[in-house]
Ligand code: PMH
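The data below hold one chain only, encoded as structure tokens and taken in the form predicted alone.
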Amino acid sequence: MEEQGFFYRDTWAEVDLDRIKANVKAIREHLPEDVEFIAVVKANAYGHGDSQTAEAALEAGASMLAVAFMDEALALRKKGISAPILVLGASRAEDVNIAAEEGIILTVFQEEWLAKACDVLSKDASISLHIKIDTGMGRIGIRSADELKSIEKLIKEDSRLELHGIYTHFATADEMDDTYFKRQLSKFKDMLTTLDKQPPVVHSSNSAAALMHADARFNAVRVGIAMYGLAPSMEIAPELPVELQEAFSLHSRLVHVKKLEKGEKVSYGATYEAAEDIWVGTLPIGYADGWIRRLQGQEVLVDGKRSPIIGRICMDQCMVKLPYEVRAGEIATLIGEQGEETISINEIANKLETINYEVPCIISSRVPRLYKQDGKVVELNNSLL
């Protein structure tokens, strides 16, 4: 296997860059040509790898990137990403000069923040800004037309500042009931009319709105979860107008195989007892890798067959009940395809009673990532080496 020799444990994740590109292109083709594609690569690109995903998205048609915090933007700059990067979250006003030096676009979410940033910003510096409007998400953002007008005036009167964009975020775009969505959209449109001049970039749509609500696209959309091949919610999944391909998969190898006799027990607490003679395999992955204890009972794929995790998941290992004797060294697929079987991220999310966004995000950085293109490994990211 190609992964051997890149790292020294038998657990790894694979990220298919071709699938990320295919998703971006499919969504891009669904949008009008004049709508800009902002690729959201926050949280290490939802666990997929920030710079690798960013490069793939940019190659496939994205023209701008978005992250949550300035640290994430700086990490991309250090890795050679020169495209425009918008920080969606709150940055410290004291750090505005660093953003200016690195060409990072910051979000203005409060008049007081902007006034403080202006006091800190060097006289010869310049910085691009996007104004965040809180239309009902309730996190950060401008809530009144008066404050918006004051901020616009401050920016207009300071030659160091450029108003590059304005945006909001929808709370329920991934639900079929669009009542609250329409209320937010209407409020955003009303706020736009109070501006003397709209900035070059106006965006409100996340993945769900970009795919499902043409009236909310304006001239840019922010695409996150759909870029990775995942539906924004199971509720709207059947209605999506494009076919998405999951880019993330997770694999391990059986490091030990043994036969247990009826009555023998497995793992901490001795909570699992063999009801008959069974074959058991050990996998070197556990809750420290993000494969958390609640996944006890979840199936993995071994030799193309579903094999359940038995006993409590340990920090670094877990055990599976094998369908029959399988030699040590065989690959176990925890997320992805093997033979005719598939374990999707949505299946894992359902087991955890959470959303698919969370699953790749919680697979920890100590799990090496292999990046594949044209069926070949093109890059390895191993945070431990």
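Small disclaimer: the values here were computed from a predicted structure and weren't measured. When you see a residue number, it is the position in the sequence shown, counting from 1.
Quick note: we don't show the form predicted in complex with this ligand, though the next part is all about it.
Under a 4.5 angstroms non-hydrogen atom cutoff, this ligand in the predicted bound form lacks residue 165 among its neighbouring residues. Of the heavy atoms in residue 139, some are within 4.5 Å of this ligand in the predicted bound form. Using a 4.5 Å cutoff between non-hydrogen atoms, residue 207 counts as a contact of this ligand in the predicted bound form. Of the heavy atoms in residue 65, none are within 4.5 Å of this ligand in the predicted bound form. Stretch 217-225 is the contacting one of 217-225, 258-266, 147-155, 188-196, since its residues have non-hydrogen atoms within 4.5 Å of this ligand in the predicted bound form. Put simply, of 285, 310, 88, 133 only one has a heavy atom within 4.5 Å of this ligand in the predicted bound form, and it is 88. This chain appears without its partner; in the predicted bound form, the one residue of 28, 321, 42, 351 with a heavy atom within 4.5 Å of this ligand is 42.
By the 4.5 Å heavy atom rule, the three marked residues 6, 48 and 248 all fail to count as contacting this ligand in the predicted bound form. Along 354-370, a single residue, 357, places a heavy atom within 4.5 Å of this ligand in the predicted bound form.
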